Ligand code: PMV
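Single chain ahead, by itself, as structure tokens, in the form predicted on its own.
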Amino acid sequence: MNLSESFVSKLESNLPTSGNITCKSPSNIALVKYWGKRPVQLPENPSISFTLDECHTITSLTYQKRETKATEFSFEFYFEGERKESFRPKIQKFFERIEKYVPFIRYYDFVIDSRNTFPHSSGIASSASGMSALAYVVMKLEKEINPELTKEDMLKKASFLARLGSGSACRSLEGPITVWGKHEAIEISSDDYAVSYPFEVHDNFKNYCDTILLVDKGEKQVSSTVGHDLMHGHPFAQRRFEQASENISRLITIFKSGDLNAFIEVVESEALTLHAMMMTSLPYFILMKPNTLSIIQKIWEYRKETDSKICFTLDAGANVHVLYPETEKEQVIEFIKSELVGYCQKGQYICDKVGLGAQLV
């Protein structure tokens, strides 16, 4: 039996008649980036991320058992209190992909109500928090149907399902550090789901902070899905996939030793490499904005002047994630307020830190 077959649920009896499950699941910020995938939603290279805390999606699943099995998936979707028909296709596709593993979903009428603590489609991974939250509430429903399901197995399957909605979503279920994608040095790693980082982590990386500077809160001009597809036939793709694996090997050593200078080098290099892949694809595109580059220059100047261990990373967007040890929080926030906030849209930024993944509300 292959791995995905082991996630197939045969549960179609003893189904609860009605109820509501609400959970929150965070976004995550990749330190080693995943860019490029193969069917279905499998990564071309492994990635490693900090799970965030404040930037999360709260999703409520209200379920009512039907008299008969539905021929079509039966759901209504509300985002921030308003019915959102534009989100339906993505959820429809998600249900189509996961139905084999949770066939009981055809026996229910669902009302899904979601809200974010951060702007949607702004380069903060809203699909990661949104799809991981939805996968988590579906798995909590399976847990109600099958109480013998262990927490470990539930989280693993939730990560597996979340991946089918959004690749990076599989990294949001646990924390503070998760790995997705098979890596030779991490025996438990898998392309099918993310795992909690299994090795020693130095105190330097405990309670790490991430302040997200909202440079551009609008919709991205090029979606991540399109960007991933452009890695097929990309002239530098194969070397990039190898580089990501090498950088995870470096981070394993760095997390153990606590070497913050080496951490900065890997993380900033990964961020710039991600955007270099976008700029060298065909068609090529740029998601950074002039203010993104200004912030990066300011961070480099501040680090040189103060010997701070501040660094930046970027997701597939213009916003800048400012990463720093908790011991520097007071100084860095002062630096952000005095030097960087002017580059943010309407002066907006979000103070976050590493977190522990999805949980019931």
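Note that this is a predicted model, so its numbers are computed, not measured. All residue numbers refer to positions in the sequence shown, first residue = 1.
From this point on, the text means the form predicted together with the named molecule, which you will not see here.
*Asks:* Thinking of 56, 130 and 139 as the candidate spot, does the named molecule come within 4.5 Å of a heavy atom on all of them in the predicted bound form?
*Replies:* No: no residue has a heavy atom within 4.5 Å of the partner.
*Asks:* Can you tell me which of 329 to 337, 29 to 37, 301 to 309, 66 to 74 lies within 4.5 Å of the named molecule in the predicted bound form, counting heavy atoms only?
*Replies:* Within 4.5 Å of the partner lies stretch 29 to 37.
*Asks:* Looking at the partner-bound form in the predicted bound form, is residue 168 within 4.5 Å of the named molecule by any heavy atom?
*Replies:* Taking the distances in the predicted bound form, the answer for residue 168 is yes, it comes within 4.5 Å of the named molecule.
*Asks:* Answer for residue 274 alone: is it within 4.5 Å of the named molecule in the predicted bound form, judged on heavy atom distances?
*Replies:* Output for residue 274 is yes: heavy atoms within 4.5 Å of the named molecule.
*Asks:* Decide whether residue 316 counts as a contact residue for the named molecule in the predicted bound form under a heavy atom distance cut-off of 4.5 Å.
*Replies:* Output for residue 316 is yes: heavy atoms within 4.5 Å of the named molecule.
*Asks:* Is residue 211 close to the named molecule in the predicted bound form, meaning a heavy atom pair under 4.5 Å apart or at it?
*Replies:* Because no heavy atom of residue 211 falls inside 4.5 Å of the named molecule in the predicted bound form, the answer is no.
*Asks:* Could you tell me which one of 224, 247, 189, 178 places a heavy atom within 4.5 Å of the named molecule in the predicted bound form?
*Replies:* Looking at 224, 247, 189, 178 one by one, just 224 meets the 4.5 Å heavy-atom criterion.
*Asks:* Of the options 289, 97, 234, 228, which one has a non-hydrogen atom that comes within 4.5 Å of the named molecule in the predicted bound form?
*Replies:* None of the other options qualify; the answer is 228.
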